[in-house]
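What follows is one chain in structure tokens, specifically the form predicted on its own.
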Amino acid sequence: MSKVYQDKAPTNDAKSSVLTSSLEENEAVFKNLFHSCSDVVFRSFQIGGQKNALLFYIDGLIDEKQLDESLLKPLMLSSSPEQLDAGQDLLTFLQNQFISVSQVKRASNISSIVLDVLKSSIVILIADQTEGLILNVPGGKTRSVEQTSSETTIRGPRDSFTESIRTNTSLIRRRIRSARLKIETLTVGELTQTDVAIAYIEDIANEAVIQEVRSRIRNIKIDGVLESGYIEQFIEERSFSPFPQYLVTERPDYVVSALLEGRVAILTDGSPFIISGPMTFWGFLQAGEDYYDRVLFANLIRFIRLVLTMVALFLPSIYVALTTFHQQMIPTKLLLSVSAAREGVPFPALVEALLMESTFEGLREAGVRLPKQVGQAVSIVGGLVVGQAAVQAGIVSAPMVIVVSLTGIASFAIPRYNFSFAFRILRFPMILLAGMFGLYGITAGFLCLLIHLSGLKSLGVPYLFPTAPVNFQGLKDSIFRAPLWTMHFRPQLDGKRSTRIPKGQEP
């Protein structure tokens, strides 16, 4: 297993030391290393009633029932070591005859043993032996696989990732039953020693992308990794871009779909959110239901989603520009209605829009941070009460409340939360440009946005692929989706043509 840091024990002296043949000396070393750790359990026992032995582990990280039934009981009732044939190795004899645990290894380096203990293993030390047995018996309380609350679905699988990296890899392997699925594990974090796994499908994923991901993760120097967001921030190319460069999801079917298209997935132990890349602008606008539903319905939903995305970005700024600079573009009856509604408002449209948008974002954030039952009431009742009271007090106009409400609803239609956050940020500079320069400011802002997106890349893949540069095979699954039986090749992320669906399967 590749590591970013060398294995480190609690003290510097333990890094280069090894076990001795004295059980008492070895016990003293480990008790000194864990001298203030009340959750480390040391248990002395005898093998076959004669050979002294010691095991230790961290309480709460191992399965104690399996420890008693599969380890202690067989060892304590085993044959006496004196009955071994001459030259037969005791550890090998015990491992083959009495220890019914699948993952067992031998180690003599103290720092390596300490690291294994911290990773849910049990260590057995035996008198007169310079090596110890390391048994992987993970246990403790973990969250079960259940439906995610952040990415709901109408049609599709209902399971989601958990905080256990091995549970997450198993959810992927249940769907991709092929030896070509490769999962490599690295270790990141000097203190946390967090396992970070890289998953990809051999001969489908681009080897250059895989190597780049390996290199970026290995170059991370940090004391601890608590969530996959730490990894994402270190490996993204443009940290100050409002647009995310990686897919972040809790759903296994999304990750498997990305792997089948030649992308790479990054799993972090302790986090249910999986990172996948490279990603494109159009990929963030797609949802799993787009492939589970019939093509006509899926394309209709994609079109509505694209329109609502543009509404979420431009509607407040267009309203500010029209009411401030371009009143002649508004129909007469509508202009009279808007003017009457704004007659008693003390603020210009620019200040009014910024005030309402800030209030709406504040209510949305409060609804997220408060407990679930209270948060829903705050976001709904707060929006109604504040909006109605502001209109009656003459602070804002009724059309502005309608515009802000439609903008908020449109932003909820974007399927990826981290992608919708980009539009929430960009909405404010667009309003400022509209309030200062009108439609010319919106046009200039939109051009700057296109220039930024054209230069943005995710692991070397252009962000606007397959529209810029144009790729006709990729266009079958970008703005609209072609029928599944027509998408014969995978998206050519690396310029390589790879068959996915053989021809001749149309109904």
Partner chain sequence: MKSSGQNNVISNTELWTLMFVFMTASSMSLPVGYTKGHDSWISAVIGTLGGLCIGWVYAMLCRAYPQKSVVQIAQTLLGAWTGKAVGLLYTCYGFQLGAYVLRNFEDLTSTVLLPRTPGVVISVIMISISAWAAYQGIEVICRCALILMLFVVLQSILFTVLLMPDMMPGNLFPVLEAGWRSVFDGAAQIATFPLGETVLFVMIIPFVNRAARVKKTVLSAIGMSGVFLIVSHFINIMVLGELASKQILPAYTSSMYISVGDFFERIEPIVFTVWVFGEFTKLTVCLFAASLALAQTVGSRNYRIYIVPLGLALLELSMFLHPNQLDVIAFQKHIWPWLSAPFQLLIPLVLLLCSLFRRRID
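Numbering follows the first chain given and starts at 1. Quick caveat, the model's predicted, so the values are computed rather than measured.
Keep in mind that the form predicted in complex with the partner chain is missing from the display, and what follows is about it.
Tell me, which of 234, 347, 325, 291 has a heavy atom within 4.5 angstroms of the partner chain in the predicted complex?
Selected residue: 325.
Among 385, 329, 154, 77, which has at least one heavy atom within 4.5 Å of the partner chain in the predicted complex?
Only one listed residue qualifies here, and that residue is 329.
With heavy atoms only and a cut-off of 4.5 Å, decide whether residue 446 touches the partner chain in the predicted complex.
Yes, residue 446 lies within 4.5 Å of the partner chain in the predicted complex.
Hey, in the predicted complex, is residue 45 touching the partner chain, heavy atoms inside 4.5 Å?
Although the partner chain is absent here, residue 45 would stay clear of it in the predicted complex, with no heavy atoms inside 4.5 Å.
Give a yes or no for residue 457: in the predicted complex, does one of its heavy atoms lie within 4.5 Å of a heavy atom belonging to the partner chain?
Judged by the heavy-atom cut-off of 4.5 Å, residue 457 is in contact with the partner chain in the predicted complex.
Does any part of residue 440 reach within 4.5 Å of the partner chain in the predicted complex? Heavy atoms only, please.
Yes, contact at 4.5 Å.
Only one of these stretches, 111 to 119, 396 to 404, 250 to 258, 210 to 218, has heavy atoms within 4.5 Å of the partner chain in the predicted complex; which one is it?
Among the candidates, contact is made by 210 to 218.
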